[in-house]
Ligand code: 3UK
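For reference, the chain that follows is the form predicted alone, supplied as structure tokens.
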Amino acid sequence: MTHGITLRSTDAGTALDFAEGFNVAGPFIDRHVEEGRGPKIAIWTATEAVTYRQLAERVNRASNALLGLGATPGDRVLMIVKDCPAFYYAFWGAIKAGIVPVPVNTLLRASDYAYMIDDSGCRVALYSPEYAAEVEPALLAATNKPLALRADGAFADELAAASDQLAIHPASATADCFWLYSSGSTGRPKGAVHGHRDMVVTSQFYGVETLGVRKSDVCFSSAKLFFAYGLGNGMTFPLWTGGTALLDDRRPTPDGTFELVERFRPTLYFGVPTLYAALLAALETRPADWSSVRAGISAGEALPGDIFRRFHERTGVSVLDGIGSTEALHIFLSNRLGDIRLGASGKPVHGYGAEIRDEHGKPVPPGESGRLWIKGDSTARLYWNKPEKTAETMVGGWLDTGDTYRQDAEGYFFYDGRSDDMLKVGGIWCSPIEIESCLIGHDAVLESAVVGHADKDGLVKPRAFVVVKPGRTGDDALTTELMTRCKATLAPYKFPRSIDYVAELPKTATGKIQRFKLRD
């Protein structure tokens, strides 16, 4: 048993047993010093190296700091924190003390943060100074008034003054541990409530048994820690195996990625298709040494086969495509080294069941499309404050992914699109309704509809169709105004990449816009 976890071998594969009182901070943080990894580097950044001993001490300091500020077990800490060691300290410090961390998307706007502050009822709001321009107005606008701490100010001071010793708070495998917010079809985020066992399940079944993550690995994730995807790649996988995480607090760019890959020599690289396409474009003029990377991993949106082929030709690295979700915490369908099917999301990860069902909830025959349902021990318990959505999405231990899939005769799963109108842009969920509302807010716009449109690399970007008011003209000047409005109002990845002016939008007899008729 390792800090409350027993791994058993069964005919079906590895099984996990959890002891009474299990708190996940034990195996992910405390055990490394006990097992002799104290001097080993746990976290690398461009300017800092943090050992496992330092990490354990600073996690304890964070626990004591949060408790000293009045947070109690069960309280929430909203985290708008960049990818840096302080993210680890706050996240694991909260968990070790029985407090619930809630890391959120750092690309959002004040109105989004105000909603989350109120929805979560957080006791503490912790934020990096880079996001103050959006977070501080949100704090003023929210009805809930948490204690607000800047990560480089009051929180850093509290860490320095706190004790580095703390007894772990007893919990249980299924007790609430942390939340992640997932975008909704109306644009309002949903708080997915995860348990203590969930990070163990994803780290063992996907990280170790599917990817082969080991203690010698250096994991570099361009997907940020606030994503479920990035949380595993950039934190839980290396901590579970005793490896090293390489963090970059900057916006992902090809130059920044090449710089860190060549300097720190990571062995596993995690990205999204949009970034792999950007890396390929940059490699046309700027060679880069990827010889340290034994595998690339892609998720967030389907990876076009052409991007896989071109990236492998340029770098020698095979990119393993997969699909996961905030609700499932990480990838549950994946390709593997030695078992790659281009255009497919792969096969189920050990520990997960997958079914493709028709509109009546019945499994469909191989080759037919339907709604993908999955089952596994890492799935969220519920959506906070959303019982109807919980009942609709989480049924009898199964999770409705909202994705349309088909499975071929050999067992590979192929993505056929969303079952609703949601878009994945750069690996991040995006509601067309939110973009449409922004466009309609302009006094020249009568109606709008937003759909996904594949760019030259086969990646989805928002495309807007606009009906202007009588007497107004849809021209380049208006397009510039609308683009500027969207970029100023919405998260930066949500703006429409093109705007088409049309006389009318296709609608049902009841007046509902038929977005599917606008898709290519």
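Each residue number is its position in the shown sequence, starting from 1. Quantities reported herein were computed from a predicted structural model and do not represent experimental measurements.
Omitted here: the form predicted together with the named molecule. The next part is about that form.
Partner contact for residue 331 in the model of the complex: the named molecule, 4.5 angstroms, heavy atom: Answer yes; at least one heavy atom of residue 331 falls within 4.5 Å of the named molecule in the model of the complex.
Heavy atom of residue 345 within 4.5 Å of the named molecule in the model of the complex: Although the named molecule is absent here, residue 345 would touch it in the model of the complex, with heavy atoms inside 4.5 Å.
4.5 Å heavy atom contact, residue 93 to the named molecule in the model of the complex: Result no; residue 93 lies far from the named molecule in the model of the complex.
Non-hydrogen atom contact residue 227 with the named molecule in the model of the complex at 4.5 angstroms: Looking in the model of the complex, residue contacts with the named molecule include residue 227, since a heavy atom lies within 4.5 Å.
Interface residue in the model of the complex among 300, 103, 195, 238, criterion: non-hydrogen atom within 4.5 angstroms of the named molecule: Answer to the contact question: 300.
Contact residue in the model of the complex, from 379, 128, 401, 244 (heavy atom within 4.5 Å of the named molecule): Exactly one residue meets the criterion: 401.
Per-stretch contact check against the named molecule in the model of the complex, the hit in 168-176, 322-330, 440-448, 305-313 (non-hydrogen atom, 4.5 angstroms): Of the stretches listed, the one contacting the partner is 322-330.
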